[in-house]
Each structure stands twice: as structure tokens, then as C-alpha cells.
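Only one chain is included here, represented as C-alpha cells and corresponding to the form predicted on its own.
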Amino acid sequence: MYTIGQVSQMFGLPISTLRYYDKEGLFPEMARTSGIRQFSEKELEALRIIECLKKSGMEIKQIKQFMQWCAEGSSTYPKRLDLFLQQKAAVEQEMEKLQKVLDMLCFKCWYYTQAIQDGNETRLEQMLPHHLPPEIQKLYDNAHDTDQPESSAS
């Protein structure tokens, strides 16, 4: 069993957040000793799932619904699976967006490293947009693969 302070440190969460989760009913079977919350492995696992769902963009209201489905038993397995499939798809979509951002940052790091070595951008401008080294071309292409108009600012 763990105290709220220990759990706060373990998860890097404020004690007030853990109290809020408890108040919202996210730890329905939590034991108390003289009114003091006692977190078991079951609550820790619930907290891992809660934090995962929060980080995936889910709101507490939806997380509460998930926890309710868990309490209802195996008949809600299809609902729970659907919820996780939806969140997985949302995270994958966000990761694709972030990969484009990372590719642009990597491309620009390479670009300006080369510009510093050359003392100007002349050679680089001649390489754009289709004559870059293969590994840099991949970064450039992914970073510029968008439906929005491209900016020509270097």
C-alpha cells in the first residue's frame, strides 16, 4: 500500500490531482485507514491508464466513462476496445504531424550547418528542392508534404 504522497512522487503528479481523481470516482475500491487513502497496485495500474488516456487527449469525463465500463464487467469489452482503438488512431495521427515537424527541424539543422560551412546558401539553393543527399531529401520531402501552401523562407 502507498500513501498519496508516495504516489504523487512516483507519478510526478500533484497531490491535489490525485484527490481530484478520487473525488471523481476514478478509484472506486481504494482502501482508507482512518480516512487516509491507501493506494494499492490496483489503483496504481488505474492511474497508469488514466495518465495514458489523458496524454492521448481524452477528457476526464470520458475516462470516467471508461472506468464505469470496467466496473460493469466483461459485457463492455467491445466498448473499451473501441475507445482504445480511437485513442490509438488519434495518437498515431498526432505522431505523423510531429514527425513532419521533427523532419523540418532536422532538415533545417542540416541546412544551416551546411550554410555555415559554405559561408552562404548559394550551393544549398541550387540543391532545392530535388537534389539533396538522399537522407536529407527524405526529411525535406516529408516536411514539405502538406496541403498548405509552402513557405519559401529559409
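All residue numbers refer to positions in the sequence shown, first residue = 1. All values derive from a computational prediction rather than experimental measurement. Take the two forms, superpose them, and find the largest set of C-alpha atoms that agree within 1.5 Å; that set is the rigid core.
Just so you know, the form predicted in complex with the DNA exists too; it's not on screen, but the next bit is about it.
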query	finding
Candidate site P14, T17 and Y21: all three near the DNA in the predicted bound form by heavy atom within 4.5 Å	yes
The DNA in the predicted bound form: contacting segment from 109 to 117, 58 to 66, 124 to 132, 91 to 99, heavy atom within 4.5 Å	58 to 66
4.5 Å heavy atom contact, K54 to the DNA in the predicted bound form	yes
Any non-hydrogen atom of L85 within 4.5 angstroms of the DNA in the predicted bound form	no
Core fit, then K55 C-alpha moves 2 Å or more between the shown form and the other one	no
